[in-house]
Every structure is written in C-alpha cells, then in structure tokens.
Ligand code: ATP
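Below sits a lone chain in structure tokens, taken as the form predicted alone.
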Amino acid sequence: MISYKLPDSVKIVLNRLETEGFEAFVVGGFVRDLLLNRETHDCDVTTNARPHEIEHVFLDYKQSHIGKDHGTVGVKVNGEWIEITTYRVDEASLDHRRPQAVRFSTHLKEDVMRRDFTMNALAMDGSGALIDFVGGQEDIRSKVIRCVGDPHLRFDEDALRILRALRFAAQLNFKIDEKSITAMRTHAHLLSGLAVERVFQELQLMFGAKHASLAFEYGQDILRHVIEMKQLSPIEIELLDRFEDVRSKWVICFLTKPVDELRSQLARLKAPKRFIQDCAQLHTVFHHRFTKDDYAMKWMMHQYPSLILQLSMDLKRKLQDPNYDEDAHQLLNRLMDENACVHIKDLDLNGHDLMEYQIKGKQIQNLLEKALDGVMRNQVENSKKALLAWLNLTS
C-alpha cells in the first residue's frame, strides 16, 4: 500500500486529535492534488470531534470560528490555517447552493458521501494511508470526473458544481463521465440563480487553465447560461489553449459581438473595473487595422498600453485574422524595444523647463503636446536643446 507524506502542520492537527481519542483525516482537494503531484495549499481536516471539542483540543492555537455553525473551526498551525470540520450530512438545499442545515455525524463514510466528485472524496489518515469509499483513486488514475452517487442530486444540491466540473476538466485535463455531463446539462438552468461573484471566480479559473478548451468542448451550451457569448467554432475552441492571458480568451468569446456587450457581460458578473477596461481595449484594438506606418503605430502606443497592443497582435496572428500584418507587428516590437517617445512624460522636456521662458498655464500643455507630436513624426530629436529650438524658444 502506498503511503503519502503529509506536511508537518497537518500531522500536528491529526496527531493531536487522535491523541485526544478522536478520528481525524485529511480530505478533499488536498488529497487529490497530493495524488496528482500538484502543488496544493488549502488543507481540510474532517473529524468526529464536535466543534466545541475541536476548540478545546486546540486551545493553545489561534482559532477562527467563522464556519462554526456548519461545524468548521479554523486552526493556525506553523503559520498555516487548517480548517477542521466535524463529520456532517447536509440537509436538502432550497437555493441549489447551500444546505438548509447540517447534521453532525459520527461516521467518515457519511461525510464523504455528501461531497461533489469522487476525486475530491478521498480521505487520508496521519500515516498517509488512503481511505476510498467511492472509487476516487481509480477515477484519478483514469482521469475521470465523476459525481459521488446520483449526479442529478449532486447538481441540484449545489449548481456551482456544474462550473466546478468544467473548471476541473480544464485544470486537470480530465474527461467528465457521461452520466455527470448529462446531469450538468439538465440542471444548467440553475446557474442563473448563483451569486455572480462566485460564477466569475470559477470562470476566471476555467479561462486561466492550461486546457481551457476542454471546458468549452464539454460545456459550451452550459456556459451560455452564464455568458451570452458567441458560438465558438471547433478551431476557436482549440486555439483557446494557445493563449496564456485570460483577457485574450474572454475577447475570443465576443469577437463578433460589439465591445459594449463584452463590457456589460463582465460588469454583470462584477468583474474588477480594470479587468473590464483591459478586455474592452483588447477587443477594440483587435478590430483596428494596423499598417507599417511609423506615426500611426506610435499614436496607437500613445492611446493604449503596450501589453494590450501586443496581446492584440498575438490574437490576430494566432486566429489568422485577415487584417494581421507581420510588418506592422515587427514595427510595434521595434518601437517598444527602442522605448519610443509616445507620451509627454517620455519627452526630454517638461513644464518646469518651459516656465523658465515665462510660459504659463494652458500654453505649457499646448507646447508639450506640440513637442510630442513633432518627436512622434520624427521632425525633431527628443532632446531638451533640440526641442526648445524647434519650439522657437531659443535664439
């Protein structure tokens, strides 16, 4: 039997609970990632100890009681927060997200059977030995996402699990078993009732995953319940994995739609304002026709962040956009490498320099803008002496 090495902080928690006469196991994603040799952070422990007993066992540790009503006590060990939760059974959900109430249990198996997917329903004791009631080890070996028990019940209990299944497929490069994907489609309409912040969080993790295309292969019809996006072609879906930047993937989903639709969808999902702005700018710049015109490229660099321009060029090239111009792309790269002067702050001349010539107020801004335009058009060298002469301020 394979035995896995647990972090010292986890061992301390398990050993202390066991010393006090309780059962204790690591559960959930921590165990899954340990088996997959993936970097893992959050650690959840389950035990037959009741919340007040957990508090007593760890009296000498800093504690968090935010989830105490649902049986969870957080304990800080060696600088890490570990959530310790009493075995429980969830009562039926009315909002398809959270149970009406929880009932504490004395059996590990009852606690495991309430979980979402078999790969997340494994338990591990302090020695590193696995306890598997649901075939989770085999599903991990086979790279399959399968619901624990009846998939229709699992998704009716918590509709967010539908997005989690797609996200896990994208992150782990796993397939979703047929019964689960069928149930996901049956219950997809429940997604509209979820908190948009949680939906956006799952979508970001999904888009940011290495195999984001899998989420769309399995669930493009499902995702349309939360994003009013364009229908992606098989080629576009495949191309999603060629982009690392999440903003590019969002723009691909809205390429044939007005930028205002992309902006309103992200706003509805309560995305950060900066993220909305970046995506909208990328969408706009993608539809700009770049040419090998030095001044025109500098003007684009003046209007938009360099990263957005580079992402746009990369998007055009990989999507084989007919308006993609390799010469224009090379020009952009050269100007960026040369740190081309495209903003007033890049000038070797500033307002204090102009004030020495008794220039004040709006005239300062006007002259700096004129100087910038002259530099961008290659009409004058970007040096204080040359600029002052060009502005007729020196004899």
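The first residue of the shown sequence is 1; numbering continues from there. The structure presented is a predicted model; accordingly, all values stated were derived computationally and were not measured. Throughout, rigid core stands for the largest set of C-alpha atoms superposing within 1.5 Å between the two forms.
The form predicted in complex with ligand ATP exists for this protein as well; it is not shown, and the discussion that follows is about that form.
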Since only the chain is shown here, I'm wondering whether R32 would be in contact with ligand ATP in the model of the complex (any heavy atom pair within 4.5 Å).
yes
Please run the contact check for H41 against ligand ATP in the model of the complex: heavy atoms, 4.5 angstroms, yes or no?
yes
Considering non-hydrogen atoms and a 4.5 Å limit, does ligand ATP approach D294 in the model of the complex?
no
Please determine whether R161 contacts ligand ATP in the model of the complex, using a 4.5 Å cut-off between heavy atoms.
yes
Hey, of 343 to 351, 363 to 371, 328 to 336, 42 to 50, which bit sits against ligand ATP in the model of the complex at 4.5 Å between non-hydrogen atoms?
42 to 50
Heavy atom within 4.5 Å of ligand ATP in the model of the complex - the one residue of S213, T72, N120, Q281 that qualifies:
N120
Contact with ligand ATP in the model of the complex, heavy atom within 4.5 Å, among R167, R146, K249, K316 goes to R167
Restricting to 111 to 127, the residues within 4.5 Å of ligand ATP in the model of the complex through any heavy atom are R114, R115, D116, N120
Examine E83 after superposing the rigid core and state whether its CA is displaced by 2 Å or more between the shown form and the other one.
yes
